[in-house]
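What follows is one chain in structure tokens, specifically the form predicted alone.
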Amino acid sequence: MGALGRFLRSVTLWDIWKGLALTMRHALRKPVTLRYPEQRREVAERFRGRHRLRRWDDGSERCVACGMCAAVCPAAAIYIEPGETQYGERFAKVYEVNAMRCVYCGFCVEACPYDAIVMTGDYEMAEYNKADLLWDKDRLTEPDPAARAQES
């Protein structure tokens, strides 16, 4: 570009018009951000969020503490201590998921023969205390907060 070209660009304010056109193009697009927490991001059907232990319809636990989920966990984030009822039925006396170690691969869900563990669409798992990221059986069996919000 010669001196004449630079002169014409400066006189016509070409770069300013070019910048304004770019700004207007982006101003008319749909925003990519959400007004969180008022608006929640919809997660994909295959999204793997917080773990949840399921129960049978009669309220009994599905988990029989077979240990398959803990065995396939590549991060060793699941700890199970089996127990046995007076009738000889096995259950998980202790079932813990260390959310700090979990890589949310979903292998535990695939390995469970009783569909006792599922991964929900809940992605709000932030805690102020590290100890709260060790999810015990009580926390894993509580209802899904997203499901509760949809029900109400």
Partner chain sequence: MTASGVEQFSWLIFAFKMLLIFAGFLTVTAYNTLYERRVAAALQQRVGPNRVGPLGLLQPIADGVKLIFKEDLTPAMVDRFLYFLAPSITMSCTLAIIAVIPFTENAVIADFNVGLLYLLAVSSLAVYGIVLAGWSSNSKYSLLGGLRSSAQMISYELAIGLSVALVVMLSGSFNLSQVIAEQQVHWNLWKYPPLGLIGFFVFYIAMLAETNRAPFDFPEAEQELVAGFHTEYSAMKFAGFYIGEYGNMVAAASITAVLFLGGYQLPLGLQAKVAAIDAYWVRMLIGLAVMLTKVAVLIFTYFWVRWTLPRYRYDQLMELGWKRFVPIGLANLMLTAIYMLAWQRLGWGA
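Numbering follows the first chain given and starts at 1. Note that the structure is predicted; figures quoted are calculated from it, not measured. We call the rigid core whatever largest set of C-alpha positions still superposes within 1.5 Å between the two forms.
Missing here is the form predicted in complex with the partner chain; even so, the following discussion is about that form.
Legend entry - Candidate stretches 35-43, 119-127, 93-101, 58-66 - the one whose heavy atoms come within 4.5 Å of the partner chain in the predicted complex: One stretch meets the cut-off, namely 35-43.
Inset, instruction - Answer yes or no: in the predicted complex, does the partner chain come within 4.5 Å of a heavy atom in every one of Cys105, Gly106 and Ala111? - result: So, no: the whole triplet misses the partner chain.
Legend entry - Any non-hydrogen atom of Pro143 within 4.5 angstroms of the partner chain in the predicted complex: Looking in the predicted complex, residue contacts with the partner chain do not include Pro143, since no heavy atom lies within 4.5 Å.
Legend entry - 4.5 angstroms heavy atom contact with the partner chain in the predicted complex for Trp17: Yes, Trp17 is a contact residue.
Legend entry - Distance check, Pro31 to the partner chain in the predicted complex, heavy atom within 4.5 Å: Yes, Pro31 lies within 4.5 Å of the partner chain in the predicted complex.
Legend entry - Heavy atom within 4.5 Å of the partner chain in the predicted complex - qualifying residues of 55-84: If the 4.5 Å heavy-atom criterion is applied to the partner chain in the predicted complex, 55-84 yields nothing.
Legend entry - Core superposition between this form and the one not shown, C-alpha change of Ala126 at least 2 Å: The answer is no, as the C-alpha of Ala126 shifts between this form and the one not shown by less than 2 Å after core alignment.
Legend entry - Exceeds or equals 2 Å, Cα of Asp138 between this form and the one not shown, core fit: No, the C-alpha position differs by under 2 Å between this form and the one not shown.
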